[in-house]
Every structure is written in structure tokens, then in C-alpha cells.
Ligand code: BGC
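One chain is shown next in C-alpha cells, namely the form predicted on its own.
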Amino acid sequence: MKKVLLFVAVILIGLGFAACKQDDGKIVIGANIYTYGDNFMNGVVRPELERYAEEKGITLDIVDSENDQAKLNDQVDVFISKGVDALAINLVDPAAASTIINKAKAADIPLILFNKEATEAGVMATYDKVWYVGTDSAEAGVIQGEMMVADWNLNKATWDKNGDNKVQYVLLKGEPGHPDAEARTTESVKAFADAGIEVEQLAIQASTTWNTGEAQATMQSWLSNTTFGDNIELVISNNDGMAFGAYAAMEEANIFLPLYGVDALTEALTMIGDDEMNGTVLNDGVNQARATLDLAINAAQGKDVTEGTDWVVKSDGTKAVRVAYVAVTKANYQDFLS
């Protein structure tokens, strides 16, 4: 009798999960943002995920992973236990992709990784129902670097404070090991070398959360540094959020230096218009969000993930949809304010 009751209980639990998922007939996608403390992810990507889910008539169960990979692992377990139709996961740690992929594979649930690309070699090939939506990490750095080189050549007479024909810069770097942070850092500076312009790195500081407050404190420290503070000629930031902190510190010190970011957040666009920032790079979070859900919806329905869309999955083994970056300057910032 006990065995019969146990069997019935298991069936009822299973039906409970199924009912939870299917009672309104909508596709259910379990999603996360690695931290709501990230200006770009929480201010651009998350709102568009929620808006687009409503437009597409699906249920989006979205959570904050609070920059904790272990917490994200547990959240994925909960999504799986609920019987979601697909997963849309913004990794906390790009080196932990295999953990999430293995969980999705064991449950036979389609998985879209977005914004943070797996760094483990070959991991995307271990599951036929996993794809990535993001950008070409190097492209933002290349574009940012090209903007800075062009502006340096135009303004060298005033920007080269010590007249040594060399760019003395400080750099606010994002999360160490994050593909975007590493590529933006490398490529933005490499653009000067490619143009035959010498550079000198005075300081660099990484932030695990790409945080405005941390960047402000860092910039305050750099400006007051008795060894190099007066020699800074250029401020490079891996994202707009940290650029905001750098500008706040410069404003406090009444010292204004060329400043470049990445993301094209609304505040950055306004600052470009007010000559408080020199440029940024559009990180198209809106289309990243839309592509993520388009792929997840198609995968949940057993269709080709790009069916009925304009997205293209790369055939280079990355299984990635790449959303292009765009340079934003004083000449075109108004085009992106809407």
C-alpha cells in the first residue's frame, strides 16, 4: 500500500510541475541576469527581455544571480525542476559554462547562453541544444581604439600635455577573465600601435562588477597620485558605467580629460552631447535580448533556432549569433537617443 501511495505521490508531483508550466499554454523560459548591479545588463538587456517576452506572448521567469556562480547553478536547478521549456543564461563565470550545459543536457532542455561567452574550449560542441548570443568581443575594443586614434590625431596639440608624442593613459577594466573585458582592453590600446602612435600605461584597474562607484574611487586615487596623476592624458573605460565614475571623479577635481566608454547607455549619450564624454560604442543590448528570446522560443518548439528571424548562427564552432557594435560620437549620438 505504501508503494502505491508513493507512486501516486510521484505522479501527482510530476503533474503539478507540468500544470505549472502548461496551464496557460505559454512557453516558459527560465532566465537570469548575472547581477542586477550591472548598468548595462540590468538597465538595457533585462528590460528588453521582459518587454519582448510580453510582445511574444511567453512567460519569462527571470532572476538575479547576484554575481554568484553557485547561486546561478542553484537557480538553474530550480528552473529545471519547474519544467521550463528553455533556459536563457547569463553566466556569472564564463569558465563555468560546462556546469550549466551539463545540467541542461541532463534535463534535455534547450539552452541559450547570452552576453558572457563560454571560455572552455570545445564546450559548446558537447550539447546539440546549446547556442550563444552576444558580440564579437574584440570588435568593441577595435572601434573604441579607432575613435581614440582619430581624436588624438585631431587634438594632439592640446591632448599631448607633455609634448612627448606619446599617449599616457589609464584604463578602467571590467571583470578579469571576462572575454569582453580582456578583448576591449587589448584591442583599444592596440589601435594606437597599429596607427604608429606610442602609448604608456600609467595605471589599470579591474572591477568584477564593472561598477561606477569603484571606478570613481579608482579615478580619484589616480588623479591624486603624486607620481603620475598630472601626466594622465586619456581615460579608457571598458564600459560606460565605469566611465561615469571616472567623470564624477574628474568633476570633483575640476580636471577634465578625454574619456571613452562602451555600451552607449542613455546617460553616456547625453554626456557626449554635453562634451563630458568623447565617445562610446553601442553594445546593442536590445538586439541581444531579442535574439536570445527568438532562439529560445524556436528551440523550445523544436524548430531551427533562427527560423523566421534575421539572426545568423556562425558556422565556426562557436554556435553563436553575433550582434554588431557601432561607434558613437558627437557626430551621431542623437541617432541613438531614442
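Each residue number is its position in the shown sequence, starting from 1. Everything numeric here is computed off the predicted structure, so don't read it as measured data.
We do not show the form predicted in complex with the ligand, though everything after this point is about it.
The ligand in the model of the complex is approached by residue 283, whose closest heavy atom lies within 4.5 angstroms of it.
In the model of the complex, no heavy atom of residue 103 sits within 4.5 Å of the ligand. When the ligand is considered in the model of the complex, residue 311 lies well away from it, no heavy atom lying within 4.5 Å. Although the partner is absent from this view, residue 52 stays clear of the ligand in the model of the complex, with no non-hydrogen atom inside 4.5 angstroms. Looking at 146-154, 76-84, 178-186, 229-237, the stretch with residues near the ligand in the model of the complex, meaning non-hydrogen atoms within 4.5 angstroms, turns out to be 178-186. Checking 31, 291, 277, 41 against the ligand in the model of the complex, a heavy atom within 4.5 Å turns up for just one residue: 41.
Along 263-281, a single residue, 263, places a heavy atom within 4.5 Å of the ligand in the model of the complex.
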